[in-house]
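Shown next as structure tokens: one chain only, the form predicted alone.
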């Protein structure tokens, strides 16, 4: 697989919008052609070469292309946006919209990511070896289509509004999570291996949420059903099953009402 290495040479004065940093765009291009790709800092059009040393070349296709970013890009937005294949590895922290509307491929961030990562993604995989910001796997503001497929795995903590309007896929948070988890959720799975503050599953219609730790304030719209033994993400345990949010209108399947399912681990 062909590899392109980007090394940051300066920190943007504002924020660099770099939606061209994807295997799809880099495929078939030389280092010079990649360096000439445009980005934006505020209203100013810049090139990737203004902010990165570029080494290597893209493969014949996106699937043949790996991008490695060696350094902190916490002021660079849209890395991997709409990518369909290939791989991106960020050895540092990244700004907002990592993997936004991603379709396929894999992104690994060996650091933290800011808000809106995996926004509306339909496939692929995002691995974060650090913490994630708000609106992870959620919908863009004003949209009702959050994450619809793929996997996001965060080893640390995550911010608020994770999985808002989520319709499919899986989000796994290894640490704690802030308020508003799976709001308006209509499918998919969220696994929280730490604690959650409150508003878990608010206005949730379908889908599944697992919380291994405590929930500070339980939503009143969830009702306890029974205890079950389950294997979740490779770990077995006993969970209490709650269904809700009872304040919402729920669909029927084969004559039975479908509810959102919230499992709390004992």
Partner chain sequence: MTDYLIKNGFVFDPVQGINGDKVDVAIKDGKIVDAGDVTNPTVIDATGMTVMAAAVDIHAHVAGPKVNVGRNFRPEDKLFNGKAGSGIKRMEGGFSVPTVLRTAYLYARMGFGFSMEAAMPPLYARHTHEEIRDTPIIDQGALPVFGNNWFVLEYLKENEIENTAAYIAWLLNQTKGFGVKCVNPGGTESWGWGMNCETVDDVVPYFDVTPRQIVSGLIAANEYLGLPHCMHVHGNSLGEPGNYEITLDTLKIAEGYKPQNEFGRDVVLHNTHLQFHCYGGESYASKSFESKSKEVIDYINSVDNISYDLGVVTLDETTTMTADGPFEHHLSHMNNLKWANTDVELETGSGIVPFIYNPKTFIAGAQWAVGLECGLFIKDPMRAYITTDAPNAGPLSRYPRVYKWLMSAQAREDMLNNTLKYGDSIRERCYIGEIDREISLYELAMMTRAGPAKTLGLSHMFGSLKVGLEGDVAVYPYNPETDTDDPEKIEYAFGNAAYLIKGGRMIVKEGEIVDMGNKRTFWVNAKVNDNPMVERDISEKFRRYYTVTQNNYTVEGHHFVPNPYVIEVDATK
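In this text the structure is predicted, and so the values were computed from the model without any measurement. Numbering follows the first chain given and starts at 1.
What comes next is about the form predicted in complex with the partner chain, which is not displayed.
In the predicted complex, the partner chain lies farther than 4.5 Å from every heavy atom of residue 153. Using a 4.5 angstroms threshold between heavy atoms, residue 254 stays clear of the partner chain in the predicted complex. Contact check for residue 191: no non-hydrogen atom falls within 4.5 Å of the partner chain in the predicted complex. For the chain shown alone, residue 172 is not a contact residue for the partner chain in the predicted complex, no non-hydrogen atom being within 4.5 angstroms.
Considering the partner chain in the predicted complex, the lone stretch of 121 to 129, 102 to 110, 68 to 76, 137 to 145 in range is 137 to 145 [heavy atom distance within 4.5 Å]. For the partner-free chain shown, 81, 82 of 72 to 98 come within 4.5 angstroms of the partner chain in the predicted complex, judged by any non-hydrogen atom.
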